[in-house]
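Take a look at this one chain, the form predicted on its own, written out in structure tokens.
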């Protein structure tokens, strides 16, 4: 296990150092220290973009791990449960009506993205309470329905936007980190560290919940309350990530599945692998996105979906085969 973690740490360090030098316009080692166009490209564009890519990738992967652990389903992700689409809808509304509300140093986009994610969670809990069925199946089905609802809200506002706004919104909806800077990197890093503390502090509860609701309840855990609390934390966290990067798919699905295979039953090791693997995967995907069809800078969400969709299909077929 320590060897895998060491290899992932080395790969992560290698990518963080090397990737800012790579791209359509080459940047040399000398450009790092001297004033030149390459100096601006390196420090003002590629370094913050790489940092945001790594932090956002790690964030999405950890969110997926928590989601799959809480719902005991390898296919459960913030995307599937409507949290990401709710956050995206909040951001779209803020863009459409040019809402500038700022709270605690967070911009209007961050605030309304969180509000959208929170509204998705609250809607799910409201429906679950109305039907008086707290089974995992009910949560997942409600999440899928909420996901479709907020997706339709996004499409509606896309339709009523003018052409220029519709194009920029469509590009944002594909997911990307091209315009991210050091401010966004700092915000996401603080939230990521807080989310990591939350995961590690409640590691015992997550492990009990992964063994089943009855087992966790027998050990004194209030399953419903802890699931609700985890859901709310996810809403806040995903809202912030989506407001910066847009809805980037499949990272939250693919990485936790691989991490559990490598981490086995050791929860802390699985968390560490998820953190490193998610960051490395999104940084690599972003490098591919800006190098695939020069001089175009393809949104990274297209690349992650391109490779994540086949993996999702294989995972779904494996589960169906196991169930049959």
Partner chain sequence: MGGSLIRVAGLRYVAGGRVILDGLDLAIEKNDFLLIIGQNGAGKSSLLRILSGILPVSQGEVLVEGKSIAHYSRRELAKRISYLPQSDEFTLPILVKDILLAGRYPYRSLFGKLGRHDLDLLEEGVERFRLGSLLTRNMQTLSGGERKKVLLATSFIQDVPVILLDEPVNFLDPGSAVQLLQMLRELHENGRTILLVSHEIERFFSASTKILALKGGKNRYFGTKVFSPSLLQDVFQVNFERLRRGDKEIIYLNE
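Positions refer to the first chain, counted from 1. Quick caveat, the model's predicted, so the values are computed rather than measured.
The form predicted in complex with the partner chain is left out here; the points below concern that form.
- Listed stretches are 170 to 178, 207 to 215, 122 to 130, 186 to 194; the contact stretch with the partner chain in the predicted complex is 207 to 215, by a heavy atom cutoff of 4.5 Å.
- Distance criterion of 4.5 Å from any heavy atom to the partner chain in the predicted complex singles out 73 from the list 158, 138, 151, 73.
- Mapping the unseen interface onto this chain, residue 50 falls outside it, with no heavy atom inside 4.5 Å of the partner chain in the predicted complex.
- At a distance threshold of 4.5 angstroms between non-hydrogen atoms, residue 201 is in contact with the partner chain in the predicted complex.
- Although the partner is absent here, residue 28 sits far enough away that none of its heavy atoms falls within 4.5 Å of the partner chain in the predicted complex.
- Shown alone here, residue 291 lies farther than 4.5 Å from the partner chain in the predicted complex, counting heavy atoms only.
- Along 248 to 265, these residues reach a heavy atom to within 4.5 Å of the partner chain in the predicted complex: 260, 264, 265.
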